[in-house]
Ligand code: GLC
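Starting off, we have a lone chain in the form predicted alone, written out as structure tokens.
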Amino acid sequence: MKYKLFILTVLAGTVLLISCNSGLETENEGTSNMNVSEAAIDSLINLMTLDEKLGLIHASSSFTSGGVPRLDIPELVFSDGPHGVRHEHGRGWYALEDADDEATYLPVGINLASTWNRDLGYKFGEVLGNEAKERGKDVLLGPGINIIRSPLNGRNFEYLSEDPFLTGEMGVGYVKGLQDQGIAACPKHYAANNQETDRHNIDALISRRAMHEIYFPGFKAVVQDGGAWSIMGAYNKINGQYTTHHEYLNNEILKGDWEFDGVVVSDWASVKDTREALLYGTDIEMGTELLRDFDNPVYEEFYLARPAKEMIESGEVDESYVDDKVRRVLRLMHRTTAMNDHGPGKRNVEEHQQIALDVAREGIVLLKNDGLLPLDKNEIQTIAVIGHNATRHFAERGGSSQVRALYEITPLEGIRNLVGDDVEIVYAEGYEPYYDESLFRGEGGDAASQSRENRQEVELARSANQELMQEAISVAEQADAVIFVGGWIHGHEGMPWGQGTYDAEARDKLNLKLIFGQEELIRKINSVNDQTAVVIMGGSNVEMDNWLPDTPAYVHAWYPGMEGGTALAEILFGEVNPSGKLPMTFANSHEDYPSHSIGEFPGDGTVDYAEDIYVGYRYFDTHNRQVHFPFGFGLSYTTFEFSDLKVDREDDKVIVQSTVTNTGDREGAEVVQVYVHHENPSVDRPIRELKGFDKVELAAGSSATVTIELDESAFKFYHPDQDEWVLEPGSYEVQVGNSSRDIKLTEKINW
């Protein structure tokens, strides 16, 4: 698309009005990538004053960065939206009350990852791209791809996995689906933003090896394989320097080794230093007003505004650093809807709601089933549905990821819609959420954590509402079966911008204990009704030792989006065969996880990642630690058999083939997971690392051959002494299974 510029040029004392073309012709016109001529960008930069350049690289409102009106360069429009386009803010920070901003509320990121379905990752991004485009956005702030290092992180529900390979594979589909609609993805938060406690100040001490093997690969994948047009920095420091303007992360790795030609956007208020932001790769500064004057921001006082101008005019920093940022911003504008017509978007359409339902169906995980599920509505007369989460809405909660949903079907509504008049449904709330700061850590730090820890048993003892509990037990006694729906919540009435309590931005949990008296309630329900299915919602596991042994069925539903109640009911009653697999290990206590047992969480000013590369199943499996449910685990209502493993070398690739047979009596889907283990490495390596997977759907009695290709990178490790990726000769074991603890077949191959 071409733009007319009207430039006043003074030549020999005469003012000439010249109408000229901007020269920003695009290559590949009509494609989603819309590559602009670099020469044309340079020409436009030469027309700008320093003030105009600086206007492009910092915020002009809460969710826009500045444009150049004189040259018809628009503002860039951002929106939060890892799982739905955030409600409208206008120029200010607070949500507009009467905006037309209802949107499709998709299941959260960890639910998407639980599908292990790359195609759904693409469709997920496609929905977001269309809805962002319809709302006039240019950049959508997602996906969240930080590694789940500790189950206590309040934002784990936004993220994808404890495993870097699964994170990257699901993130790539999301990014491509989004950007094919002309909306820039902005994967976040680069990097190692693994806690909310003291997130603006904490210094993560991480080895180079752990960075490259655990915390970088997801970002590398969305940049190199997904082609992400922008990326968001994080709040925390890594090894002494803030990540948003980190010389090693941005200049050496992202823009150097990975050849990223897009824009590094700060997290909102993550820029801390003008000189470092100029020199070390920050391209757009957003949100700094949040730490200065929330209601009356002065954008000229941003680090990359007046202070940057003074630094450049004094000669301390060369203007070429600003030119590089402007070049990246203009490149982004021409790739996106900002300067190109990518066609109309669409919002709240039936196909988007169907994708929300599909993701929920495949992402909900069946973890235990002693024959209770699926329930048969033709054989049950009365079902007791118990638990506050059975009726709670989650869309407008959780922090920056909140969505104003067009609608949200709760579990109780989903169950009632499915059974109709065939079964009597009796509901009891069972427990009552309440707000208590003793039950979580806030972003401001953890100075009171010790006193909070000491108080927690007292808080938990008083947390149960005895009247609601007794009502629920009475209902359970009289029912043929019970569906308990509980777990975590995010957001609490009266908290700012839906932020709230126990599963939310700016909050970390203290532990994994079920809150509000739910553990006692589940035990009492089990004692009066042995036909109880427990459904846990939330972005992590909970402690299970005291209730799981006596519970015949356990379903983990995450936060499953606007159609979550429908999907959950379909799974409970067998209309959908569950196929979700855990993207993180479910141990019992947070103290079992290596970030707590070996490393530090949340630290005190610094946090030592002493567990190094041993995150999640890499630790639990290598050191044979007990877990309730391993990484990659998930049950089905049918059974599968793996056979006929073949592993062959073809030049620099390894081809893994296995036959999967549905040995049950109904259709279902299985995830074939391929792990690699070097048998005699020169440095310590995990017993297995996920390097490939594929999801296959099979009719009862049918078989399919699954082929997974591994390249050299699947066998490499980042050498701590050589500071580079190394493919070490030797014998490697290729392991094929359906979880990290259920390896069905193995075969050796030499490099």
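Keep in mind it's a predicted model, so treat the numbers as computed, not measured. Numbering starts at 1 and follows the sequence shown.
In what follows, reference is made to the form predicted together with this ligand, a form of this protein that is not presented.
Ser400 is the sole member of Asn465, Thr622, Ser400, Asn526 with a non-hydrogen atom within 4.5 Å of this ligand in the model of the complex. Proximity to this ligand in the model of the complex, defined as a heavy atom within 4.5 Å, singles out one entry of Arg328, Arg361, Arg618, His189, which is His189. In the model of the complex, at least one heavy atom of Asp267 sits within 4.5 Å of a heavy atom of this ligand. Of the heavy atoms in Leu141, some are within 4.5 Å of this ligand in the model of the complex. Taking non-hydrogen atoms only, Asp80 approaches this ligand to within 4.5 angstroms in the model of the complex. Put simply, Met232 is close to this ligand in the model of the complex: some heavy atom of it is within 4.5 Å. Residues within 4.5 angstroms of this ligand in the model of the complex, judged by any non-hydrogen atom, belong to 232-240 and to none of the other stretches in 232-240, 470-478, 111-119, 245-253.
Shown here without this ligand, the chain has only Arg155 in 148-164 lying with a heavy atom within 4.5 Å of that partner in the model of the complex.
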